[in-house]
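In the form predicted alone, a lone chain appears below as structure tokens.
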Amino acid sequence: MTGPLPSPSSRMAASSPVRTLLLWCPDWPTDAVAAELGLAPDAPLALIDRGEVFACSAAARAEGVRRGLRVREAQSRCTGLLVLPYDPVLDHRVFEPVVAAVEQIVPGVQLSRPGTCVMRARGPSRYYGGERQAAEALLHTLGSVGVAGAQVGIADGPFAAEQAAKLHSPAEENIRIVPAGSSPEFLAPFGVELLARPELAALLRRLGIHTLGSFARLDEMQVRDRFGPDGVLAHRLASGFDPSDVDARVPPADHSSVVEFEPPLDRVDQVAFAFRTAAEEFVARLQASSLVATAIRIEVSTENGDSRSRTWLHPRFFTAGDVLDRVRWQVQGAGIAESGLNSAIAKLRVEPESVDPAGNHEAGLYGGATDERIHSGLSRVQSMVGHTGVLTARIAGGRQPSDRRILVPWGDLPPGGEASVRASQGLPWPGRVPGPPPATVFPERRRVLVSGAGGADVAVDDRGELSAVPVSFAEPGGKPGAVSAWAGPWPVTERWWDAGGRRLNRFQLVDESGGAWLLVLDDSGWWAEARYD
């Protein structure tokens, strides 16, 4: 298709797109994790979501790692790759101070996603004397809060502004301005994949339409008849007539409590006593807003500059006493904390990470429910024996029965969150034990003795063949007895490409008393992993 792009006057959209300024922080998910964990900026890092690479650092991309790769393939391309689960909560939390800093100089900020925020360009450009001056002020503000390498795009509408921000490499100028009215020409060379509609993009390519400019030249009424309302929206985006506006967020109220200790304190009881009033005020501010905190974040800073933080969850909601308990648990432990602090505490900060309307937690008409009494009792026991003294069991995915059981402190989420546990349960896990599962899974596997006729050793070769038929079995601490029945072997090979991988064979065996066992044979011998009671 040839011909000039349609002019604004020929479009059905009568109003002009909003002049938009978009701020983009490349590699934000990996940068946020690196800042949180204190990793080196040049560390090869990949964040995994549902078994695939969700985001990777520049160092990892230099080794061939790309978004969408399976974990195994990413590790084969970069042997030193650091693999961590993607945590959207951390992503948002670390970006919140950045957005707050931007709102100090430019009001009306819309958070598109962590690492990207949008604002109208008209007000800042008038205040700072031009669009470029406004963009430079934003970049200077981000530099003051430790965010380097950010890029700014200014164009007609958020869609064109985002493409402008992402167009150039970090080595080039980090501000790109598309003149007003020039968005159609600017977008024309881009591929239809930028519309973020895979099915529409595939269909357009089959029709010979590969660029946004070619798509924009189609008649809008024909697009509506062929692709429907969503196709019309995509057509307007490709034409540079973005109908979306900036939906500025309302800055959240600050319910955090901060206490600075002068001189710094090095005793747990001193810290808890000094923070008692702040904990009561923290809960009172939430109650004044008709809120309760179901998750809090405690940040501890020491006099030598170290800072460690942790998120604590509660099965119901936090009271002032619960907050003090979590402060005490975090500060005590090895030296001054399980978080690795090794000097006196200079500052303590507590902020709500998850809040809920207080009405959802009011007592019933006839008092609290049974589960509420259970929550209260377990929380009380936990306050006496410590955070890890009360554990709950969760079922996760895995090949071994012992892998499927994870124990987490009462009130905490499993590692990676509930979503990761549910996702792991749904994975195929080739080689896992078929149902019904054994009733008793030993915390640590136990040594057993399995032998053939005449006391011959029973082994399995590389072809899965047994060296002898099992005829004698001795359970842990017991005397050898006859084998009534057995089945196997079922081989399991884990991480065959890694020196730390393992190969084992499973067996099911019934002894002469009728007891059924799940056994494992590996290079070190026979082990009892579980029992079918």
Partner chain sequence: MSLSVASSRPAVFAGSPVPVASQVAELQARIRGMQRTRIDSQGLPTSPGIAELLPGGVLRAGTAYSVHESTSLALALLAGPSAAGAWCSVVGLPALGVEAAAAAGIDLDRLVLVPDPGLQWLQVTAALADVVTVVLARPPAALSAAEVARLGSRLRQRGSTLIALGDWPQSEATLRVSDDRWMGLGDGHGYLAARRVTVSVTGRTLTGKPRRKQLWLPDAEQGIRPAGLAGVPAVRPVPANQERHEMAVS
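In this text, the rigid core denotes the largest set of C-alpha atoms whose superposition between the two forms falls within 1.5 Å. These numbers were taken from a predicted model, which means no experiment stands behind them. Numbering follows the first chain given and starts at 1.
This next part talks about the form predicted in complex with the partner chain, which is not shown.
Enquirer: Is Arg404 close to the partner chain in the predicted complex, meaning a heavy atom pair under 4.5 Å apart or at it?
Expert: It does: once the partner chain is placed as it appears in the predicted complex, Arg404 has a heavy atom within 4.5 Å of it.
Enquirer: Does the partner chain get within 4.5 angstroms of any non-hydrogen atom of Gly431 in the predicted complex?
Expert: Contact with the partner chain, yes.
Enquirer: Since only the chain is shown here, I'm wondering whether Ala196 would be in contact with the partner chain in the predicted complex (any heavy atom pair within 4.5 Å).
Expert: Residue-level check for Ala196: no, no contact with the partner chain.
Enquirer: So, in the predicted complex, is Val492 in contact with the partner chain at a 4.5 angstroms heavy atom limit?
Expert: Judged by the heavy-atom cut-off of 4.5 Å, Val492 is in contact with the partner chain in the predicted complex.
Enquirer: All three of Gly389, Trp410 and Gly514 touching the partner chain in the predicted complex at 4.5 Å, heavy atom to heavy atom?
Expert: Checking in the predicted complex: Gly389, Trp410 and Gly514 are all within 4.5 Å of the partner chain.
Enquirer: Only one of Ala253, Ile395, Val259, Val83 has a non-hydrogen atom within 4.5 angstroms of the partner chain in the predicted complex; which is it?
Expert: If I apply the 4.5 Å criterion carefully, the residue I get is Ile395.
Enquirer: Of these, Gly377, Gly455, Gly143, Gly228, which has a heavy atom no more than 4.5 Å from the partner chain in the predicted complex?
Expert: Of the candidates Gly377, Gly455, Gly143, Gly228, Gly377 is the one lying within 4.5 Å of the partner chain in the predicted complex.
Enquirer: In the predicted complex, which of the stretches 56-64, 25-33, 43-51, 482-490 has residues with heavy atoms within 4.5 Å of the partner chain?
Expert: Heavy-atom contact with the partner occurs in 482-490.
Enquirer: Along 434-451, which positions have a non-hydrogen atom within 4.5 Å of the partner chain in the predicted complex?
Expert: Contacts from 434-451: Pro434, Gly435, Pro436, Pro437, Pro438, Ala439, Thr440, Val441, Phe442, Pro443.
Enquirer: Aligning on the core only, does the CA of Glu494 end up 2 angstroms or more away between this form and the one not shown?
Expert: Indeed, Glu494 is displaced by 2 Å or more.
Enquirer: Once the two forms are fit on the core, has Pro436 moved its CA by at least 2 Å between this form and the one not shown?
Expert: The answer is yes, as the C-alpha of Pro436 shifts between this form and the one not shown by 2 Å or more after core alignment.
Enquirer: Aligned on the rigid core, do the two forms place the Cα of Leu504 2 Å or more apart, comparing between this form and the one not shown?
Expert: Leu504: C-alpha displaced by 2 Å or more between this form and the one not shown.
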